[in-house]
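Encoded as structure tokens, the following chain is the form predicted on its own, with no partner shown.
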């Protein structure tokens, strides 16, 4: 395994107001006994609601935070004790933290990173050429980082994280705040990196589309504990979180029963219907719906990750 964690725990001490003048210390467990085993070449979705412990886990695995208990090894190294050595073997992208130089053109940031990581010029040039082609960096490579849009900067961050050829890539909310086209570019790039077997990828996100398009395995964490480790389909099957089809009709809803779907709402004087998928695929339900009633428009809505977690805990 390229990443192993056993009983990983991180406690923080916080002060809470008691009365008018007193404050008491309380220990809060941000991560509470996480076990992980990730094989080389995997792409893992690590998801959960805000405050669940996702970013804290990644910071312990990258050596930024020292665990309060438990142990972790990444690339065969102890993240904190061997942080400098580990830094040369991993790539990290935190959505709200930049590793680029704000006032320098993007291309110069890449050049500086080559010297920092002591990457051979030929290797650096080959990786940069490939990233430039996949992410379309040419049009803004000479633009100062501070003038880049969020989507452009994130493409630059991904490139910067890969230029030294890391074995593991940690991504914390890489698509947060991006527009549709930028998200698509990032997802396609990560899929290409994974298909090429260049790095093991650990991805945290609130966007289930990222997970569905990229990850075969996901780990769900809440209140610092792992509550699910498996595929997205297994999560939906186990906890009943279902996608919905929202269809706008050219005629009133005739009250049909469609195999593999349940009607959850009929709106707009019967001209809009919401169908929860129940065992069938979206394509099968849409095909049956189109044969039964004239359609004006439709969309498939993914459940929010917060809804998945809430349903999971209601079951447990």
Partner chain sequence: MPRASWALITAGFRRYATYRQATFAGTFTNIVFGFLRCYIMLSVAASAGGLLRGYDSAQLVTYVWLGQGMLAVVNMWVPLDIAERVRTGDVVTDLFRPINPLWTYLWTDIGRAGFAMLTRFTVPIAAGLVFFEMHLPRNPLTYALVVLSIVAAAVVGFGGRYLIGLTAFWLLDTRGAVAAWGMLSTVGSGLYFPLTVLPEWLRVVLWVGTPFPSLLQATADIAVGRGDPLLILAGQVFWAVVLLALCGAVQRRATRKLVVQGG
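Just so you know, these numbers come straight off a predicted model, no measurement behind them. Positions refer to the first chain, counted from 1.
Keep in mind the form predicted together with the partner chain is missing from the figure; the text below concerns it.
Novice: Could you check which residue among 162, 141, 113, 145 gets a heavy atom within 4.5 Å of the partner chain in the predicted complex?
Specialist: The residue from 162, 141, 113, 145 that makes the contact is 113.
Novice: With the partner chain left out of view, choose which of 83, 129, 216, 238 has a non-hydrogen atom within 4.5 angstroms of it in the predicted complex.
Specialist: Among 83, 129, 216, 238, a heavy atom within 4.5 Å of the partner chain in the predicted complex occurs only for 83.
Novice: Heavy atoms within 4.5 Å of the partner chain in the predicted complex: which stretch among 199-207, 133-141, 104-112, 216-224?
Specialist: Looking at the partner contacts, the answer comes out as 104-112.
Novice: State yes or no: in the predicted complex, is some non-hydrogen atom of residue 88 no more than 4.5 angstroms from a non-hydrogen atom of the partner chain?
Specialist: Output for residue 88 is yes: heavy atoms within 4.5 Å of the partner chain.
Novice: I'd like to check something about residue 66: if you look in the predicted complex, is any of its heavy atoms closer than or equal to 4.5 Å to a heavy atom of the partner chain?
Specialist: Yes, residue 66 sits close enough to the partner chain in the predicted complex that at least one of its heavy atoms falls within 4.5 Å.
Novice: Please determine whether residue 98 contacts the partner chain in the predicted complex, using a 4.5 Å cut-off between heavy atoms.
Specialist: Contact with the partner chain, yes.
Novice: Given that the partner chain is not shown alongside this chain, does residue 94 nevertheless sit within 4.5 Å of it in the predicted complex, heavy atom to heavy atom?
Specialist: It does: once the partner chain is placed as it appears in the predicted complex, residue 94 has a heavy atom within 4.5 Å of it.
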